[in-house]
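Presented below, as structure tokens, is a lone chain in the form predicted on its own.
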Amino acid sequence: MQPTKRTILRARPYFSDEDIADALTRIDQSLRTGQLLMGPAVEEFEIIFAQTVGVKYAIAVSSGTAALEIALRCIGIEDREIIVPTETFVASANSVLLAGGLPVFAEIHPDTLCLDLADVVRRIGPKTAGVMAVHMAGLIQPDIEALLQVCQRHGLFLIEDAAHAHGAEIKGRKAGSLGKAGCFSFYPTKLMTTGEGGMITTDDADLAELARSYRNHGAAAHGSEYVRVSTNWRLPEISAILGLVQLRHLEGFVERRNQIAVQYDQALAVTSGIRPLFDHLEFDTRHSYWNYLAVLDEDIDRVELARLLRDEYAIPIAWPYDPPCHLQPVFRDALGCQPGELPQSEHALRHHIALPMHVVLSDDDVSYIVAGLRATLPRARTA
């Protein structure tokens, strides 16, 4: 018997009644004092976020994209190449171009959807300045230590696109503490949100000082002089207040997402036509599960599967990010990328899906989603 239809959201931020009351009290104070920008909430948010990640400095900015571009501008990549996985949001590659560099797209490993280390090594050339590791869906690149060694051997920097990886760990170290800089997004679909916003994390004092200048029109650290060309990438006080409320629950958010992931793992292991992307215990990491990724059998039509799940069960699925970056029109036009250039990635991304994942999902919701999958997968087969 088909279960009673319910509406499932693929992603959703969570604020408890207590969180809302706390945020409104602090927003009221901000409004009454008139301190709406670069005030105590931003400073407190930066301090606590740096402590959470385990770095010396955190710089709050207006978006995750701004975090990436500012970090790259601070390092200096004009007319240099940055190796970027093709499996990422366009912002990763856009930030390289906007900072004056050239993205070089690399293959992803089909078992993790993170950078394929062997392909990174193949793409290092005389103009390569650094590597951008994207912790896809909240999984820190499992071979990050080997990638760091490659970068050190070739004199390259490593920057972490940690937009999905708040609270993720590898061997006791947090995402955002592993490279020259880490860059986080606080978009509403992420593990924690400020509405719009981002954060740069680093142990580099010079980079931190530069980043604070870049986010504020190129202002000098002291006085009223402007010393470099830049724009406004500041985070408002109200956004920082939301961030502070969310940050105190980050550990709980990650824990709940891992509980949901275990339920998906166990259910999909005995479901025909689909499997987990990987065993969550396979790597010495703590996944933050921004998304739960699964792999479909090659004869499953995922467009038809998505239609059946949506129409019959009100269950949304997606496939971030396909088409991959190198096949997005903007990069085909600007960089001359063509289909077939990254065959391993193109094949892997044709068959993956993301199931609903957020802390508001109940155990019963997860069972409903699995039941919907089991009912629709056989009808989505092409043979």
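Numbers for residues come from their place in the sequence shown, where the first is 1. What you see is a predicted model, and the numbers here were worked out from it, not measured in a lab.
What follows is about the form predicted together with a small molecule, which we do not show.
Chemist: Are all three of 65, 68 and 91 close to the small molecule in the model of the complex, meaning a heavy atom of each within 4.5 Å?
Modeler: All of them do, each having a heavy atom within 4.5 Å of the partner.
Chemist: In the model of the complex, which of 237 to 245, 156 to 164, 174 to 182, 221 to 229 comes within 4.5 Å of the small molecule (heavy atoms)?
Modeler: Looking at the other structure, the answer is 156 to 164.
Chemist: Decide whether residue 233 counts as a contact residue for the small molecule in the model of the complex under a heavy atom distance cut-off of 4.5 Å.
Modeler: Contact check for residue 233: no, nothing within 4.5 Å of the small molecule in the model of the complex.
Chemist: Answer yes if any heavy atom of residue 134 is within 4.5 Å of a heavy atom of the small molecule in the model of the complex; otherwise answer no.
Modeler: Result yes; residue 134 sits at the interface with the small molecule in the model of the complex.
Chemist: Within 4.5 Å, heavy atoms only: does residue 190 come near the small molecule in the model of the complex?
Modeler: Heavy-atom contact with the small molecule at 4.5 Å: present for residue 190.
Chemist: Using a 4.5 Å heavy atom cut-off, state whether residue 138 contacts the small molecule in the model of the complex.
Modeler: Flag for residue 138 set to no.
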